[in-house]
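Just the one chain here, laid out as structure tokens, in the form predicted on its own.
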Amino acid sequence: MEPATVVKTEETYRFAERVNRISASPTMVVLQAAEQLKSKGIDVADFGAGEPDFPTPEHIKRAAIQALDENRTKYTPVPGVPALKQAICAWHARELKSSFQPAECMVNVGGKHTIFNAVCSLINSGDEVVIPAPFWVSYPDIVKYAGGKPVIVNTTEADNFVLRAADLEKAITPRTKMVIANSPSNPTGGVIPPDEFEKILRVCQRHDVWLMSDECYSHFTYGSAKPFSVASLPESNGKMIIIGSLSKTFAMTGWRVGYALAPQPLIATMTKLQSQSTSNPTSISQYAAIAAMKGPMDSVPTMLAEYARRRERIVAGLRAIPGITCTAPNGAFYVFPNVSAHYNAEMPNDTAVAKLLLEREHVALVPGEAFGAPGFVRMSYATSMDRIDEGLRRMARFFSRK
């Protein structure tokens, strides 16, 4: 007699409630769908990936090879090798006018891991974390995983998606534990002006809440916007966490090196958490990161000049499509066009727009709903000018259909 077939469901396995609070990264879902099409030989105009399309600079790669040759392949201290922590503090002081010491620094497995460690070290069940929208997709889910409650403050297209201190003030309650600011922003490219950032800092200080400043795109700014850190402001010490990453500035996404700059007691707590999860970041990547922090940065203006060219092209191309509006981003390498004018019975929301664009024109982008901004889509212009032009042609054809 054949045994009965048992259908396994999520309920069968009883997954942890903390994992059921969160969802898979929407950007990863888009990337996977695009990769499936590419694997079939289909030409995809891919605007989904949020990573530089430039190679890691040669002196950084050579440092990794040297580390291998010198057998630097053993465990390192959990918060990073001392030479790298010193180099990060020195680089941040030189580039962004801060004054952190190595005891106030730790190295993590990318910027996302840094944010995860910080949130999980500070947020208890029921604590509120204020997050401006549009937001990077992982912020709310990391807060939910820690048991906290995301409190969303909406910014506007008309104001270039800038978080304003006055709006932040209204969102803070006695349960607020943290505010997250991301400038330049993923997904909008919005940049908080220094004077507004100072007002935001003062609001946080007045209410005794932590300010987490995500600076992963700090060196990709355009026009009058310049690299800036809230840590450069007078009296900025205290409940402040700087999140940094080598992924974007040095085109090192796959190397997985991020860092935190924060008060020493928080660094110690984050180190304790990391000691029970990943332990140290990859040793070889750390030695490559030392070369990045201490070496020349001539690759940055090269990348930035090319991104500026692409930014002009993609903004102009999107604005030429009837019904689409698009602010010019002041930082990062994303545009965040508003496509809501094209909603219809077949496309009632931005998720449907993104799905049909991928199916019919093989254009990959991320729906704005994933970033807390229905009606918009995110497009990365970290791709070649030819691919930008081809993608714009396909989008113009798609949106011209009645």
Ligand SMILES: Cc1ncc(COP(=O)(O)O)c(C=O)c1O
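Everything quoted here is computed from the prediction, not taken from an experiment. The numbering used is simple: start at 1 and walk along the sequence shown.
There is another form of this protein, the form predicted in complex with the ligand, and it is not shown here; the text below is about that form.
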_Residue contact check: residue 216 to the ligand in the predicted bound form, 4.5 Å heavy atom_ = yes
*Could you confirm whether residue 220 comes within 4.5 Å of the ligand in the predicted bound form, counting heavy atoms only?*
no
*So, in the predicted bound form, is residue 186 in contact with the ligand at a 4.5 angstroms heavy atom limit?*
yes
*Looking at the partner-bound form in the predicted bound form, is residue 256 within 4.5 Å of the ligand by any heavy atom?*
yes
*Of 197, 250, 100, 139, which residue is found within 4.5 angstroms of the ligand in the predicted bound form when only non-hydrogen atoms are counted?*
139
_Proximity to the ligand in the predicted bound form, single hit among 310, 112, 164, 239 (heavy atom within 4.5 Å)_ = 112
_Segment that reaches the ligand in the predicted bound form - one of 189 to 197, 208 to 216, 292 to 300, 118 to 126, heavy atoms within 4.5 Å_ = 208 to 216
_Residues of 61 to 85 having any heavy atom within 4.5 Å of the ligand in the predicted bound form, listed in sequence order_ = none
